[in-house]
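Only one chain is included here, represented as structure tokens and corresponding to the form predicted alone.
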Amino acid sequence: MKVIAINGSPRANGNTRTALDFMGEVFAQEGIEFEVLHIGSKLAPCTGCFRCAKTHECTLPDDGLNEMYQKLTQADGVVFASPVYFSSITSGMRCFMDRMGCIDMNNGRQFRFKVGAPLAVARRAGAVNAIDELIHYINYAQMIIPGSLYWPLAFGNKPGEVAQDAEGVQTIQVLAQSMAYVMKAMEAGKAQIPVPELPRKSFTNFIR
């Protein structure tokens, strides 16, 4: 089994990566492979062209997003992690979620019934708002969202400070345990309970 985490921080080795590493330790104990993909600040925003409805991949100039999306489709679980700068997920994370969500919606919903979890790291405030934003994307993708002892957030300012947030670290570790349990339970149940057929989505336009 494998979990892939998206590090939505412009800093590859900041507090968000430290928080993800705590999750990685738990996954290792559970015998689950773990990989972190760092998106940095290189992604362009979604333009709403919806060409992905025909191509099943983003047609914007190649910046690595399609490759990352393909990796995620092969994972059993995904962690979407973002630092908080201005009461929200980062601009890079928003670009990733917008484009990835658009591709997946038009590609047979490959994330459907995978296990997905949000994670926010903040200096002081805005983390819950960022988590809410991530959950909207995860829920729309029909992913299964496990819980923890608290909202999946941790606090830290300078790189490494998140390790001093004892409650935050514990929350992150329990989140990883919850993900591992749900993934294993779902894997064990696949033979007995088939995945329901994906219906054709009905679209409505409220100005007509």
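Throughout, we count residues from 1 along the sequence that is shown. Note that the structure is a prediction, hence the values are computed from the model and not measured.
Keep in mind the form predicted in complex with a small molecule is missing from the figure; the text below concerns it.
J.: With heavy atoms only and a cut-off of 4.5 Å, decide whether Arg11 touches the small molecule in the model of the complex.
T.: So Arg11 counts as contacting the small molecule.
J.: I'd like to check something about Tyr85: if you look in the model of the complex, is any of its heavy atoms closer than or equal to 4.5 Å to a heavy atom of the small molecule?
T.: The answer is yes: Tyr85 has a heavy atom within 4.5 Å of the small molecule.
J.: Using the partner position in the model of the complex, report whether Val121 sits within 4.5 Å of the small molecule, counting heavy atoms only.
T.: Taking the distances in the model of the complex, the answer for Val121 is yes, it comes within 4.5 Å of the small molecule.
J.: With heavy atoms only and a cut-off of 4.5 Å, decide whether Gly156 touches the small molecule in the model of the complex.
T.: Residue-level check for Gly156: yes, a contact with the small molecule.
J.: Only one of 122-130, 68-76, 108-116, 95-103 gets a heavy atom within 4.5 Å of the small molecule in the model of the complex; which is it?
T.: Contact-bearing stretch, as computed: 122-130.
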